[in-house]
Structure formats: C-alpha cells, structure tokens
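Single chain ahead, by itself, as structure tokens, in the form predicted on its own.
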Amino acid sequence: MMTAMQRVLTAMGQQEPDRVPLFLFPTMHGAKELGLSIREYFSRAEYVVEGQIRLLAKYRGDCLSAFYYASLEVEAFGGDTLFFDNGPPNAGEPIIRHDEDIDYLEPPRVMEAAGLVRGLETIRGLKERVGDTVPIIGVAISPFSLPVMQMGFDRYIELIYEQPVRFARLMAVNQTFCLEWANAQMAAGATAICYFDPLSSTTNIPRELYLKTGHRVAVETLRQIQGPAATHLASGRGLGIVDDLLATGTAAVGVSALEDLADWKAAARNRFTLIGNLNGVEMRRWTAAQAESEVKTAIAKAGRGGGFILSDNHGEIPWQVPDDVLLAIRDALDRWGRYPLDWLE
C-alpha cells in the first residue's frame, strides 16, 4: 500500500496510484474533536496540530491542512477577525478605508504577525508528526484576491477599472507579502501551497480583465514560490480560462461543482491535476447513499489515468457537514476508487 505522499505524487504525475487520493479540508472540525469553540481552537498552534492529526486518522484522507481562516492574512495588515460559533471566521472592517490609504500601505513582516507565526508553528508541528508520509498543504491568498477583504469587493472593482496606478501599487505590496508568507510556509515544512484566487474565476470577472490583471499577477507570483502551487478558485468557474491557468505554472486546479468534471478532464489533457468537485454546501444534507453516488460519479468522470484528487469544491468543509457524511465519502472512495477502475469497463 502506498503512503499518502506516494499516492498524491503518483496521481499528480498523471499515473494511477493504488487508489484515488482524497483531500478533505474540514478545517473547523478539529474544534469539535477537541471540544473547543472555533475561536479557542484557532488560538493555539498545538490545538490545530492535534485536531488535524485526529481528523487524518478519522477520515483517512491524503493530506493535512495548515489553513486557519482567510482573514488571518488581513490580521497581519492590522485588520480584525469576526468569530462565529458555527461557521468560518470572517474579516472585520476593511483596512483600506480610503483609496489614498493604498499610497502608504506597506507589506507586513510574517514573523511580526502573531497569527501567521501560529500558522508556521502548525506546519512545523504537523511535519514533526508525519514527516514525509503525508502532504501538508499551506495556503496563501493571491495578491489579486486579497483586496476583496482589504477594501471590499465593490470598491476594489472600481479601483481596478478606474485607478490603474493605485491598483499596481496594491498588487506590488500584496505580492511582496504573499511571497514572504508562502515561502515561509514552505520553509516550515509545507509540501505545496494552495494559491487561493477566487476573484480570477470567470464567475467574478470576464476573461479579458483576468488576462490584464489576475493572470499577470499569478504568473509573476507563482514562479517565485519556492515549491509547487495549486490554484483554487473557491467554487468559481474556471473552464473558460483553463489554458490561461496552465500558463501561470500551476500544478493543479480546484474545480467548481458548477462545472462538469468530465469537461475539465478533457480540457486538462493530462497537463495538470484536477482537485474536486464535491458540493460542500449540499453535502450538509447528503445521505450515505447520496455521498456514495457523488463519489462514484466524480471518479467515473475524472479518475481514469490519474491526474485527479477527490475533494470538495471550495477547499473548506462547512461546519454543518456531519461526520457520517464525511465517513460515507471515505467508504465510497474505498469501494469505487481502487485502481484499476475495472468497474468502468
């Protein structure tokens, strides 16, 4: 039997491992395992390490996630985080309240941001526990998508269209920060970086604008990350920019539940790995039979020949998804994900 690392590397090499790899990202479920609130859970690296290790044993997935919550990066810029009892923490008030603030914005230093230091401690703690047997996934929000939290979606879109000089400066600041953060995670022991870039999805902006903005930023950023990177559009559509995404140098792409995995498999043509695309929102209401059907369908559409990792479509399992659904996903993978996929004949 392969280790999780061997399984993932084989699949990403466009070969068939012993079974389809499974990436589960129940980032908040570790709090349930430890009997802590979400806020308490994310307050100490050792809690997240222990939570992730317990979830790995419970669901028998093929990766560990060092992700806390998206606004952790906004905290580094001086922003606040709002915590909830039953959902992911969200960013508080924008740190860029006036467009002129961009003129004076400076990239924060990773080692001076308490939240990011906890993230690095988490990666080191996970690495001590699993060594090179299980991939550890770090996360860095793209310089292009981070401003949605820094200044708000509407004002940011206006900035892109109306103030190219300030947009360029904001990208420069964010890129400096993104690279320091991503490379610090790699140095701490991460196996790869998830480049979280939802704004680049065609769900949010047209391809023509993406090519002038987010695509250029991604090309410049990914080539400077000191390790492999996978692009995640966080439930957004990406079929219309498949070749553009490949041109950024990404090794994998997270696929939306809004699009067909078979279409993505045909478009990928063994050039990069697909990650997805189970619907995390609908997952809250699945029966065991529905979970099995969804897993079987995903494998049938994208499993042949490797190059596929089964996962949810957003990169984070909602708090409300019950354990029995996640265990049913795992059981279904054992039943239908073993190579060779003879049942497809």
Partner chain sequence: MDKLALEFYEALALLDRPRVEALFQQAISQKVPMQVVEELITPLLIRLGDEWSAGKIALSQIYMASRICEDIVERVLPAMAVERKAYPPMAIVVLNDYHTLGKRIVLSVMQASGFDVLDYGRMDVDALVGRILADGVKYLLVSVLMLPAALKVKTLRAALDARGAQVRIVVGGAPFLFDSELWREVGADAMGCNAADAVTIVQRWREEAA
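Residue numbers count along the first chain shown, from 1. Since this is a predicted model, take the numbers as computed values, not measurements.
What comes next is about the form predicted together with the partner chain, which is not displayed.
Contact with the partner chain in the predicted bound form, defined as any heavy atom within 4.5 Å, is confined among 126-134, 92-100, 168-176, 265-273 to 92-100. Contact annotation: Glu162 falls within 4.5 Å of the partner chain in the predicted bound form, judged by heavy atom distances. Heavy atoms of Lys212 never reach within 4.5 Å of the partner chain in the predicted bound form, leaving it off the interface. Interface residue remark: Arg237 is counted as part of the site for the partner chain in the predicted bound form, having a heavy atom within 4.5 Å. Taking the partner from the other structure, the partner chain in the predicted bound form has a heavy atom within 4.5 Å of a heavy atom of Pro318. For the options Ser256, Thr248, Gln150, Ser145, the one in contact with the partner chain in the predicted bound form, meaning a heavy atom within 4.5 Å, is Ser256. None of Lys32, Arg285, Arg39, Arg54 but one reaches within 4.5 angstroms of the partner chain in the predicted bound form through a heavy atom, and that residue is Arg285. Heavy atoms closer than or equal to 4.5 Å to the partner chain in the predicted bound form belong, across 107-125, to no residue whatsoever.
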